[in-house]
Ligand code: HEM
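As structure tokens, one chain now follows by itself in the form predicted alone.
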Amino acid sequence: MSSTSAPDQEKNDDVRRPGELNARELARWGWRQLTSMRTALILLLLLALAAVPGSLIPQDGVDSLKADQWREAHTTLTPIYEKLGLFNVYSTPWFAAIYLLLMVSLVGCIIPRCLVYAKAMRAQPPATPAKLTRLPDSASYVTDQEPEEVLAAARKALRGYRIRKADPDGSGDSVSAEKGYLREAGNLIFHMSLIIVLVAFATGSLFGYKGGVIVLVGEEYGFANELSQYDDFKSGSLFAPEDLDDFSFKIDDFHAEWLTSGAGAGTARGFNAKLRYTAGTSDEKRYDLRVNHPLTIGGTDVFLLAHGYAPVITVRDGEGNVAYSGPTIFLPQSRNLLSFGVVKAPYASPEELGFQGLFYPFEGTVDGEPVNLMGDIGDGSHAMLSLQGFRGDLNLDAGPQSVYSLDTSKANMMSPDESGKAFNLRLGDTVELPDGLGSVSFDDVQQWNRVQISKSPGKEWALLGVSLALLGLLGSLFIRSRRVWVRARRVDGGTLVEIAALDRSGGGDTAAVVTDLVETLRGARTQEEKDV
């Protein structure tokens, strides 16, 4: 029976299989992999790919109305997209994970490179190789000049290069020069600018906010920058209501330029909302709000996103009381502003009343069916409101409902006759509801503007980062890093001059550098002879 002593056991424990790493070595290996430039580039590519859904799929934080419309139009994909967080891409854990890993990778990659670069900036150019003629781009010639004269002329010709200092004993027989140090600085600036951009966007995501609101044109009260005024609002985790800038505005008028011919006939190409706004306690000011021309108040930007129509509808119940009255937001369903809207009159008597249907700004007839010809309402003579009516329980007790949807699961449809057709109203019309339930009137049309209000701290830093990235990229592309050596020593018959150049960045024409330097040094001798 054999036994193993304690020292032998410890020795066997120290023997590891090839490639086996302990915890410390594994952590060091993982850190090296994470902070490698290859990993940083892969993470940057993943971040770009992860942002693609955010530009293709409507985002709740950008335009909740479009996001809701997309959900209604894609009922099969919506549950999948909800689980993946594709309606809030930039707030998902997987996007944040890529973001943070990229940040750590860039920082871990750049700091060591900066230390190496700082050391290289203090170091002298390398000593002259022993065999210059073995380098790919080199030349040599014999002259009757003294070696000291050749080396002095070489130092003069290599102005702009960093030249290696002479050996302390003064025995040097060559000149070693190097330039292009800013090429690596360009690379570092480019990568540091990415960190600046990432930090700037992170600052905006944490402290900023973005909200949307529909404001009626000509509305007396307008909009005040308070949380209760927003239709939808999304903010960063470190945002506080006190961060809202104090301002309010009203939209006095809105004008759209309409295309009247060509493939886009009936659609708008230019928008101008005339605002009156007040910031804090300052005097009231005016501003023409246009697409891509936001109004900036303090650190908050006000953008014009969309426009549409709000028919003024009055619903009277069977007792003659006004059960509903006012402008009703109808949401565009097409580029020519054919719009969908809902009217709810839950307090009508004897039964609750509800309507949903389409608004035609400029209605026409094709094959007996109504169509919308263009978005310009003109004088309103061609505007038509087509409403499908419902009576009975609107199921409002079931929970919160969108103002843009009507639950008809417990209600009964009603129409002007037994055909089930909708109530079609021209501007100024009033139609009676069946069974003495009341009436509905189409009184007027107002316009509305959808406005986005956002605050993005750090956007100036993001602009700085992008500018630095462009500057660093240009430097890394166009600055050539090269070394040049000139050796001069006495031989039989004169002074042997050897010249060589090496391009460290690849692709540089160092042969031309050598040729120019040979011509310069020989030309200096010729000029000296002429002066004598």
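Predicted model, so just to flag it, every value in this text is computed and none were measured. The term rigid core refers to the maximal set of C-alpha atoms that superpose within 1.5 Å between the two forms. Just count from 1 along the sequence shown to find any residue number.
What comes next is about the form predicted in complex with the ligand, which does not appear here.
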item: Open or blocked, once the ligand is placed by superposing site C-alphas in the predicted complex (3+ ligand atoms within 2.4 Å of backbone or C-beta means blocked); value: blocked
item: Exercise: M37 in contact with the ligand in the predicted complex, heavy atom 4.5 Å; value: yes
item: Exercise: K344 in contact with the ligand in the predicted complex, heavy atom 4.5 Å; value: no
item: Contact flag, Q447 vs the ligand in the predicted complex, heavy atom cut 4.5 Å; value: no
item: Residue contact check: F190 to the ligand in the predicted complex, 4.5 Å heavy atom; value: yes
item: Listed range touching the ligand, judged in the predicted complex by heavy atoms within 4.5 Å, from 470-478, 64-72, 489-497, 50-58; value: 470-478
item: Listed residue (L338, L106, A310, L158) with a non-hydrogen atom within 4.5 angstroms of the ligand in the predicted complex; value: L106
item: Among the candidates K234, R391, R183, K455, the residue which, in the predicted complex, approaches the ligand to within 4.5 Å (heavy atoms); value: R183
item: Members of 110-134 lying within 4.5 angstroms of the ligand, judged by heavy atom, in the predicted complex; value: R113
item: C-alpha of P112 off by 2 Å or more between the shown form and the other one on rigid core; value: yes
item: I42 C-alpha shift between the shown form and the other one of 2 Å or more, rigid core reference; value: yes
